[in-house]
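In the form predicted on its own, a lone chain appears below as structure tokens.
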């Protein structure tokens, strides 16, 4: 059930010059609403005169012990730059949870191999998804791509839930190149791939999955200004016609999209 809540900032960590990690909890010690990997929130950005609409942010992680919601924010506009200035104790209004979720198998077959591929801020939902897969008894692998070493985020957090592989475009960490060039794709046989990041990256991952007959789900990053399918900012063409990503997604099996026609 969607709720509009005022949450309090417990931490705001500047990870590098472009990213911050905001941790939030309830102000009255009540439990956060149930949230699932792949879902997102809409943040009202107060104090930014040029920001009229809420900003969609993926659920990065849920710390159940601390009752905290984590949001990984890339400062790319006035709204997100303002969010990265929030201090401990600040109150933020959120609409949550929104969207559908990644499919997590209930069959605990030991031969299932999961690869979670993230690029840029698209690594955000992969952490929560990986933690949920680990909780179910699976051992996911993470493949994270970035421009350089400084752009790779939360590596220690990812390592808690599975083996981590990295690519950087400049070769400063991990293997040089794009995620679809990483050697793990030739060394391991995966049953499912989940991915989120820049659209060209996701399309390349989808192409690889299709060619190798691997089930693949993508989390689209279309601009979702309202979260209710009213503003029509996030329309995506599918094999069934045009849909609003905020209400029908953001997670889609690639068989539903037109990318691999």
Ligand SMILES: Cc1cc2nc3c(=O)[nH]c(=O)nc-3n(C[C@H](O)[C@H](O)[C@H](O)COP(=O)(O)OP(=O)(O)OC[C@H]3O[C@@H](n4cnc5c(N)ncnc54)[C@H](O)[C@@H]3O)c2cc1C
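Numbering follows the first chain given and starts at 1. Quick caveat, the model's predicted, so the values are computed rather than measured.
The discussion below concerns the form predicted in complex with this ligand, not included here.
Stretch 213-221 is the contacting one of 61-69, 200-208, 25-33, 213-221, since its residues have non-hydrogen atoms within 4.5 Å of this ligand in the model of the complex.
For the chain shown alone, residue 79 is a contact residue for this ligand in the model of the complex, at least one non-hydrogen atom being within 4.5 angstroms. Contact annotation for residue 121: at least one heavy atom lies within 4.5 Å of this ligand in the model of the complex.
Interface membership of residue 194, defined by any non-hydrogen atom within 4.5 Å of this ligand in the model of the complex, is ruled out. Residue 74 belongs to the set of residues with a heavy atom inside 4.5 Å of this ligand in the model of the complex.
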